[in-house]
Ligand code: HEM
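Given as structure tokens, the chain that follows is alone and in the form predicted on its own.
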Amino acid sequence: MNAEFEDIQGLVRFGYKHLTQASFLLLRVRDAGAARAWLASAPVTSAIVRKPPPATAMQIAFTAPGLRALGLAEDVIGGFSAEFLAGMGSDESRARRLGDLGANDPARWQWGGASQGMPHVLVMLYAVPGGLDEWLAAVRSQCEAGFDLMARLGTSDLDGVEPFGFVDGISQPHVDWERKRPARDKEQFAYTNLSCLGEYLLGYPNEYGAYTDRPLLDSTRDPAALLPRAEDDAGKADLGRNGSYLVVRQLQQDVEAFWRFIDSQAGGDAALRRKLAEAMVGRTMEGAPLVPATAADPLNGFSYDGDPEGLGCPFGAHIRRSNPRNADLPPGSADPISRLVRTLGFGSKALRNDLIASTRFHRLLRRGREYGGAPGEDTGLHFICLGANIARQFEFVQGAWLAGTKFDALAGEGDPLVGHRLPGADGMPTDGFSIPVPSGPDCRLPGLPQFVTVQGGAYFFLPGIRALRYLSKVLP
């Protein structure tokens, strides 16, 4: 059975690139009855392809405190993941794992930290050029009776280029919407960009061939049959089906500091300036990868199998960390003996590859938007991603691959773009970046300053549209 596009919020399928204006409202429930009344008829945009494309789009998501404020029963809320229930800025252990230390500490955030209070609802509004102001004013007027506005996150249209100057939004997994690939726990011996639907939507099998935990209700709690029924537990009403977890992080980018540091290393050499910046990102400024790609897909059709020494794209480059493009086993021939050798981890190449977890279990759908850009304005990215498992997807990528200082056998390096630069738990520095060279020691750039600072963040549940209508009722 194909995906139920009419019940899926459109953001899971689309980036809404034609809707270049966007604004995100962080709301708190003031009157639960009035809030539910608005949710019952809010014009949420589905994942159905429409021609012509819509001129506006709305998406709605909830934090765990927001579900409580609406009146959802506590035992139902308990069916969501522990990470969602705890929240992004909830404790020191999570902050340490995510690299939310020093200037990134949740206590310093503008929203989402313990001192500011959690938002309850995220309303994401998108519009064609010139169409946002009227759309935003209408929605704010409609929400007024049930919600208080906590913050409004504005965005900018930088024409597909992030604030440091690089083409962005290139690499995305290919979601198996038609469910053609068998969803089962079977080893993959080559990297593929195709992902099971259950990696991004609750209620469908994932790369392990399993269903992610989510609230399943006795049918008596859904007497009007508003909710879809669970595939894996016949008769149960599935509150999670066609929904996803939505991660939002506001990342302020210090563009001047980035290029000032690059200039200090390049010593006035314009070609070297560009080369160093591109090595840190892993792509040219126009978006081409630093390793060969296929002619059919020159921006995304590549892996790192042909670059085992990191001579093309450094091991610690941002795109290599965020998506190592590896399979379950190191590359090699398909014969049984070779496969056994690689499975057991013999050989130097196998040992290095064994240091990186298989990519297919940690993919994310990214839907970020830039903000700022005018003189005197803060500039950065509203990092937005979707996945069915916060711990295995976002928290793993952020903690082990981006904030981690031992990624791919590196030492003393965090991510060159988003690293916090504070010493590790062992006291070792994390502010270096190494560029392998064909012979001799790596070229190492020491003393990287912090270029990106977290200003806020939260975990949200983006429900299916039927689940959204269920949440608008008087809940048992």
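All of these numbers come straight from a predicted model, not from anything done at the bench. Position 1 is the first residue in the sequence shown; the rest follow in order.
Only in words, not in the display: the form predicted together with the named molecule, which the text now covers.
Q: Do heavy atoms from each of L251, R283 and V452 fall within 4.5 Å of the named molecule in the predicted complex?
A: Yes, each of L251, R283 and V452 comes within 4.5 Å of the named molecule in the predicted complex.
Q: Could you work out which of F147, F84, W109, F164 is the residue within 4.5 angstroms of the named molecule in the predicted complex, going by heavy atoms?
A: It is F164.
Q: Note which of A277, L364, L227, C313 lies within 4.5 Å of the named molecule in the predicted complex, where distance is taken over heavy atoms; exactly one does.
A: Filtering the options by heavy-atom distance leaves L364.
Q: Just one stretch in 262 to 270, 376 to 384, 200 to 208, 126 to 134 has heavy atoms within 4.5 Å of the named molecule in the predicted complex, so which one is it?
A: Of the options, only 376 to 384 has residues within 4.5 Å of the partner.
Q: Does at least one non-hydrogen atom of F80 fall within 4.5 angstroms of the named molecule in the predicted complex?
A: Answer no; every heavy atom of F80 is more than 4.5 Å from the named molecule in the predicted complex.
Q: With heavy atoms only and a cut-off of 4.5 Å, decide whether I170 touches the named molecule in the predicted complex.
A: Residue-level check for I170: yes, a contact with the named molecule.
Q: According to a 4.5 angstroms non-hydrogen atom cut-off, is Y245 in contact with the named molecule in the predicted complex?
A: Although the named molecule is absent here, Y245 would stay clear of it in the predicted complex, with no heavy atoms inside 4.5 Å.
Q: Answer yes if any heavy atom of R241 is within 4.5 Å of a heavy atom of the named molecule in the predicted complex; otherwise answer no.
A: Contact with the named molecule, no.
Q: Using the arrangement in the predicted complex, list in sequence order the residues of 387 to 405 with any heavy atom within 4.5 angstroms of the named molecule.
A: In sequence order, F394, V397, Q398, L402 come within 4.5 Å of the partner.
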